[in-house]
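Listed next as structure tokens is one chain, alone, in the form predicted alone.
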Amino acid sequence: MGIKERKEKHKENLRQSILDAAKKLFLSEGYDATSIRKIAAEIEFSPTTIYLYYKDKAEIAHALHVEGFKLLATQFGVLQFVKDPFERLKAMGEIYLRFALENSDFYELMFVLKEPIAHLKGSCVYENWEEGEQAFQALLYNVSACQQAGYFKNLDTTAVSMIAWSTLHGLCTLKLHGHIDHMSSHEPSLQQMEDIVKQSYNTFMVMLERIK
């Protein structure tokens, strides 16, 4: 590896270190309580170094936001091998749930924290939110394919997609924020469910499958 390649490798490693440190602090201390100085201290560099890569913490939050969507898109890649449209929709939901529960740090940045979207609103790229649009277009495509196969007749494609997304987001957020676990410790009917999130999701999909 030549000098130029080593320099580029060092830059990429440092950039990733900044993102990892910021993600940790955003979620442990909160976005407002996290400063560039704290991020710099976490990786033992000066704040000036951070500014060589990102103009402010909002840009860092957005970079993490994009990174999370790229990871989700990679996991959605297996859907191309599922031919049946409703089975593909079910698989998409399962991947989404698994992603949220296994990557809670990214999920919070992508779908809970308002700062990444606030950054988009203040930039010229807001009208072209590529990563978010691609994810939602994939959902729209799958719902539309289900409709062509006889599901969700006479229902609006976008509305069905929003209901599906909202339901899964609700399950993920209630689980990640501890609400489901808290309720299950007090509610006997929930205690009887082996896996509340999975069973709730499966029931939701049965309900969707019956809409013909």
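All residue numbers are counted from 1 along the displayed sequence. Fair warning: this is a prediction, and the values are worked out from it, not measured in the lab. Here the rigid core means the biggest group of C-alpha atoms that line up within 1.5 Å when the two forms are laid on top of each other.
This protein has a second form, the form predicted in complex with a further copy of the same chain, left out of what is shown; the following refers to that one.
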item	value
Partner-contacting position among D56, E44, D156, E29 - heavy atom within 4.5 Å of a further copy of the same chain in the model of the complex	D156
Single option in A91, L97, A73, L120 placed near a further copy of the same chain in the model of the complex, where near means a heavy atom within 4.5 Å	L120
4.5 Å heavy atom contact, Y141 and a further copy of the same chain in the model of the complex	no
4.5 Å heavy atom contact, T167 to a further copy of the same chain in the model of the complex	yes
Contact flag, Q80 vs a further copy of the same chain in the model of the complex, heavy atom cut 4.5 Å	no
a further copy of the same chain contact in the model of the complex: R37, any heavy atom under 4.5 Å	no
Neighbours of a further copy of the same chain in the model of the complex among 157-181 [non-hydrogen atom within 4.5 angstroms]	T158, A159, V160, M162, I163, W165, S166, T167, H169, G170, L171, T173, L174, L176, H177, G178, H179, I180
Shift of D181 between the shown form and the other one at or above 2 Å (CA, core fit)	no
Residue shift check between the shown form and the other one, rigid core fit, G30 Cα at least 2 Å	yes
Comparison of CA distance in the model of the complex with shown form for E29, D105, at least 3 Å	closer
Residue pair E115, G30 - Cα distance in the model of the complex, closer or farther (3 Å or more)	farther
